[in-house]
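Taking the form predicted alone, here's one chain by itself in structure tokens.
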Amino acid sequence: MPPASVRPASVRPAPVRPVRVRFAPSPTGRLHVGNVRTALVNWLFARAYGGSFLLRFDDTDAERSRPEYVEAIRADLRWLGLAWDEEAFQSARAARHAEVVASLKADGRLYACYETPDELEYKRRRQRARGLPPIYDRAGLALSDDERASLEAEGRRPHWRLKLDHADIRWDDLVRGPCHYDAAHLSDPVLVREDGTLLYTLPSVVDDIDMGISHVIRGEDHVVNTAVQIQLCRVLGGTPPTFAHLSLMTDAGGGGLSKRLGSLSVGDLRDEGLEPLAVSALLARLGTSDDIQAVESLDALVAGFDLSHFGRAAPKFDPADLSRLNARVLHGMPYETARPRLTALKADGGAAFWDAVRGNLERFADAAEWHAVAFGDIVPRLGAPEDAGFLRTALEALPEETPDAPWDGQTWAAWTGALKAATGRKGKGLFMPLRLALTGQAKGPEMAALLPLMGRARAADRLRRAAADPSSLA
């Protein structure tokens, strides 16, 4: 029986439509934790329902989109294990978008407007001063052909707005619940700029329709956009997708996360040595009612995923929580999973080594340091001058290592027990000088597990060097 926080996919109500979701980043920069959370939730939702996950690059901003960011986004998703089923680029669909623009113009749903940004701002200020909502007054609709010709003769070029139907727009949000907006209280949105380039709304809706997107899962900063997109989708004869708007994350103090995104890119997390599974385990549960815990695989996250567990409260992203979860992922990692990475790190000391050190790792790369402690050459340390004599005694009492008396998990206890009886030392006074001399560190894995790995010759050499070298004082 799974824990209460894990709900198998079999008990989830199945969506009415086959699930097809998209993650649609603009390749204008690196992915940050907010982007990754959106990608991850979409991926988990698709996998939980046997659906498909589309990676769509919304690259219509030709000036800012860069091929290197496309490659970086792909690399980040691969690092996280979020394989996509299909890939698309909005820029490759420009002809289709132009076709829709022409159709909307012909139908009178797109109309030309000639106000400058300063003129629009002046209108908004006047409306606010009169206690009216600062929405566009549809002056462009009232222009005659002669007036439009006169404005264009002045050198003005139109931007084009979608004429909204002044009706109530409703949808059942999978996170926020029932939502509605009165379109009469919304400005007719600009879909085409003066230079002919398209804003985000039209290509996104057209592509969602043509690509059969069933669910759009994204941040709550897009909620108002959703009302417009639902109406545009219907104008174009499409079926609006089901929407889910996730609450935006804050920092640990409840402040806006956006101010710190430069230090929270996926590339930065990878460079810091964090485990992709720790990143996914944290982001998959932030904002839900589920416990955040280490998992052994993405499949475990899929098994416990339920979009209905997400609430409307803003979740807090704390890097300290990620570090703690990262350590727990490493502590539970089986040797067979770690082995290829240990080999690449030149730190594969076998299953006994991994079992000995994994409980003390904060980053996987730390294993190389403990590999040197167990099998390499380190600088032993002397805790205090008076410990030198104790270490010489410890060296004399060091058990022999023979085929008939191998060093094993009991050697440490037998050796330190004999030292306690011979010297009267106990507790920290007994164990710390030995740890410092044998490992060069004041803390670390259990010495009972490390001592058999390093062997008698290496242990004896370190005790001798620490006792004889005053410069090794800790």
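These figures come from a predicted structure and were not determined experimentally. Numbering starts at 1 and runs along the sequence shown.
The next section is about a form of this same protein that is not shown, the form predicted in complex with a small molecule.
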query	finding
Candidate from Arg96, Arg312, Arg148, His222 lying within 4.5 Å of the small molecule in the predicted complex - any heavy atom	His222
Contact residue in the predicted complex, chosen from Arg218, Arg109, Arg381, Arg176 - any heavy atom within 4.5 Å of the small molecule	Arg218
Among 407-415, 22-30, 420-428, 46-54, the region lying within 4.5 Å of the small molecule in the predicted complex by heavy atom distance	22-30
Partner proximity in the predicted complex: Ser204 to the small molecule, non-hydrogen atom cutoff 4.5 Å	yes
Distance check, Phe390 to the small molecule in the predicted complex, heavy atom within 4.5 Å	no
Contact label in the predicted complex: Tyr200 to the small molecule, heavy atom within 4.5 Å	yes
